[in-house]
Every structure is written in structure tokens, then in C-alpha cells.
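Quick setup: one chain, the form predicted alone, written in C-alpha cells, and binding and motion questions come after.
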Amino acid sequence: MTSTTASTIPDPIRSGLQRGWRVRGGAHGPLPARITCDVAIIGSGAGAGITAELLTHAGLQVVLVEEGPLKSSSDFRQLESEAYPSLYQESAGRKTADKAITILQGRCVGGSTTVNWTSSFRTPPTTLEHWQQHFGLTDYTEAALAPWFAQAEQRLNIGPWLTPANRNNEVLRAGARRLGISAAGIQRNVKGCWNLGSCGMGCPTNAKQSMLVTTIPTALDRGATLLVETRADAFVVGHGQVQALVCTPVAGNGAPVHGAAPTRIVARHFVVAGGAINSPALLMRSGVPDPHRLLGKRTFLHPVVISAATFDERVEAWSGAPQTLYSDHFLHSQPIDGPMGYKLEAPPMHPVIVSTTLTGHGQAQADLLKQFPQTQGLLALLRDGFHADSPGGTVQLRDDGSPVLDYPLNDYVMDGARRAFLSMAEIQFAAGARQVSPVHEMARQYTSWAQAREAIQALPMKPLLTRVVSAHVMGGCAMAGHERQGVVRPDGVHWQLANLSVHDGSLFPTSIGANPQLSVYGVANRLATGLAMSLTGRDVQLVA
């Protein structure tokens, strides 16, 4: 897209700033030394945006604290070189403690909703049943959550994708059909989508109904204050409640601004919604009560393994809506607490993210990348957290207070990864692939299903040899019906601190088993509506 074209597209962020939105931090001016408000929300992603819209609708004075920058459609130029350093945690290079898993998380206003691929699924009923049976979340039933999901779907224009799938996705459907495997369409949160395919770099047309262009502008129009490039360092806890939040300015790259004074936010209530990893880390830095040592534990990722295939014809997997088809066949072919199941989808493929994910180096990788236009990709989201051998990871703090996730890839996880490699290769060959290469350091390009099956069964499934990535982080501040099992209550309020809530994916006691953004929207909708009622006595709801 040329800059000339971009200039013709309305920019709701710049318009809002011209209308006088209260934004501070970074280029928007220095932070005040002290702020008082009704509710301080840490984060600006899925849970934070929904919460901010509802609480401001109830008439509450809200302050949002976001560590990343405020960008807008005018800044999104479909360039990986600009998007990853400016919009993602640790420049899209966040890794687990042993470096075996790369984690993509947003770090900007709108959080991961600004850079995700729009896939929208309600929480699967089997996941909710597991929560009811094992975590005392008796009111988290499919029927009880349905109206909260429906409101979020209407508010964010979530619906079927009616444009034909791109070739990258069609390979999944074609191969699955020939093998008798079910596949279906993915609902997306878009309005007037141009089908560009660059969702992961920020939407240059404002079609993606992320928090950046929906709930956050609504909250700011209602008088909320947004602090950007502002890090939430720690809560001040005393007398059984949170007394204040201490924040510091950071630069665009996340480094502390030398010599900058901290800001102290005093509020009636505090909502943590910085995303799993960051949310438990904030509570750990704050020394909040954790009598059962649950904080930061059971953090889940949907570990993802990838299979690349080469076709005779051009696939051009970078073009068109990124994820529009999926298969849950391998989630349903064994019990939820049995061998690890996996969801299949087709990821978008762009040069930088592909070259840093595919295996090999030097001439071998150069030869691989020459086939980029003919390359197709499948990914498998491994459903973690439902088996005794799948406890997830643990958030830890480095010496400087920054978080890192220790997530061991044990034999149970790797068994799921091997089966996923086999499933994806079989589907790709069934769809007509000329050769298939599991993304594993010791794999080669295989030219038949029989050759691939034998080779994959012999691959050593070890961390760092098996390339694993993730864009879904859940858990670490789990909710449960009893304080021995959870950090927060089923209504999102901290078990030991009554003026502290958690409203993001860190609430989930397991992974979801599907892309989690709609799960966060629906649950946060329910919790924030309840919080608004408890603070004001007013009944509010999302309005499309």
C-alpha cells in the first residue's frame, strides 16, 4: 500500500487525539506525578478494552496503563521490519527460559488484538465442562456464557468469512476432504476487510475490529485517560487491599527513561489485564498474597508445531485473509484428558517470520526460501493443561523484575507434536504437495507420504530440535471456585485482595483449545459488567 492510498483512509486514532483525548506518555507528554481515579486498568488488550468500555459506560473515571506505544492505521504499512520491533513484546522475539519456544504477544495499544489474525472461537464446551468438574467453576457453562459471547460478537462484528479462502487455507480443506477429515470456516472480527493478509502487522484499513479501533476509542470518548509507554511496576499493598499502582515511563523499545520520575495511581479498584506472563509478573513484583503458591503457575501456550509443503503452483501464502479454515478432528479423536489433541490451521507466511521459523541456515535455507511463493504452511495448536503430564509453565522474574516463562517441553507434549507432524504431512500430500518438510532441525524435504511417515516417526522430538512457537498465552492467575485452586474467584476478584481483579487470558485454568481472543472478550464482558454493578449499582452492556 502506498502512503498516498493510506492517506485517504480515515484514522480514528488521530481524529480522537484532535478531539482532545486524554493521552499521556511518550510523544503525548509527560506523566503526572499522581493520578486519582475510580478504576485503573493495566493493559489495553482484549480484556482491558472490554472492561474500559463497560466501566466508562457506568460513569466511572478510568485510567488505562499501556507499556507499548499508541499506533494507528496511518502507521501500519504492511512492513515486517517496522511491525515486529514496534508492536510486539521483545520485538517478536520473546522466548521461554530455555529458548525452545518463541512467543508472539502484542505490546501496543490494543495489545495482541492489534496484531492477531482475527480468528474467533467461543470457548469449546468440553473445555468449560473440564473447568466445572476440576476447578469449581460451576457457573461457567455453555448456556451461561452464551449471551456474553453473543454481545461481544455483535460489538466486534464477529461473523463468517464469506470471501473465498486463499490457496494457503484451501490446502487444508482439500487434503482433509480427501482423507475424510472434517474442516470448517473460521469466524473473523472484521468489517469491510480488504483481504490484504497483513493482519499481523496492524490493520492499515481499520477493518479488523481490534480494541484499538473499537472499545478503546469509545472509552476515551467517554473521558477515560490512556497512559502509553508507561510500565506498571508494582502495586502498593497494605491493610488488606491495593493502595496504589506505581508506574514508570519507558522508551519505545521498552527501556526505562533515564531519570524519569514515577507516577502513582490511586484508585478505588484495580483491574490487571496485561496478558498472561505480564499479569502474574506484576502481581509477583508487588508481593501480593499467594498463600497457596499458585501465582504464575499453570501458564499455558498452545505449543505450536508447523509443517511446510511445496507445491508445483504458486500458493502465495502471504496474500489474503490469513486464517479462514480449521480442523478440530484431532481434538475430538481422543478424550480431552488423554493424549494431547491439536487444532489445525493455516498460518500466514511472510518473509521475516518464515525465515526465522523454518529450520536450517546458510545455503540450505536460501534454497528453501527460493521456493517461498510455492510454499504452504499448516500449524497445530497443541491443547495443553488437561492431563497430569501437562502442567504448563511457570512465570519467573529476572533480576531486573522482567518476566520469563519456564515451559518444559516434556515427552507428553512431544508425543502430541510428533502426531501433529504426521497429521499435517498426510494432509499436505493428500492435497497434492510435491514435498513436505516438518519444521524440525533434523527433518528433510520428503517427497511422499510413506517417506515422510517413516522419517517423522524416527525424528528425535527434543526441545530446540523441534521448532515450537506460540501466540496464545493463558493462565498464571487462574480463577477457581476455591482459593486452594485459584488466584482469583470466579468473578475475577483476587481471593485475598477485594479491590483487585484480573480480566485477561491469565484467568484461564487450562488452555482453551482454540484461538483465545473471543474467550477473553466473553469472560471479560461478564466480569466487567459485574464489576460495574458492584461499584456503581448500574447495569451496563456492550453496545454495537
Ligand SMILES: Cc1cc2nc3c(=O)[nH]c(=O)nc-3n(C[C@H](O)[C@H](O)[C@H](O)COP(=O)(O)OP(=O)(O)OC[C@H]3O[C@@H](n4cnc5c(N)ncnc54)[C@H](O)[C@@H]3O)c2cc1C
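Start at 1 with the first residue shown and count on from there. Small disclaimer: the values here were computed from a predicted structure and weren't measured.
Omitted here: the form predicted in complex with the ligand. The next part is about that form.
The chain is drawn here without the ligand; in the predicted bound form, the stretch among 42 to 50, 55 to 63, 490 to 498, 27 to 35 whose residues come within 4.5 Å of it by any heavy atom is 42 to 50.
Although the partner is absent here, N515 is a contact residue: one of its heavy atoms lies within 4.5 angstroms of the ligand in the predicted bound form.
In the predicted bound form, the ligand lies farther than 4.5 Å from every heavy atom of T299. Contact between T113 and the ligand in the predicted bound form is found at the 4.5 Å heavy atom cutoff. In the predicted bound form, the ligand sits beyond 4.5 Å of every heavy atom of P303. Comment: the ligand is not present in this chain, but in the predicted bound form one of Y88, Y326, Y407, F235 has a heavy atom within 4.5 Å of it, namely Y88. Note on contacts: among G106, P347, G385, G341, the single residue with a heavy atom within 4.5 Å of the ligand in the predicted bound form is G106. In the predicted bound form, the ligand lies within 4.5 angstroms of at least one heavy atom of each of the following residues of 229 to 245: T230, R231, A232, in sequence order.
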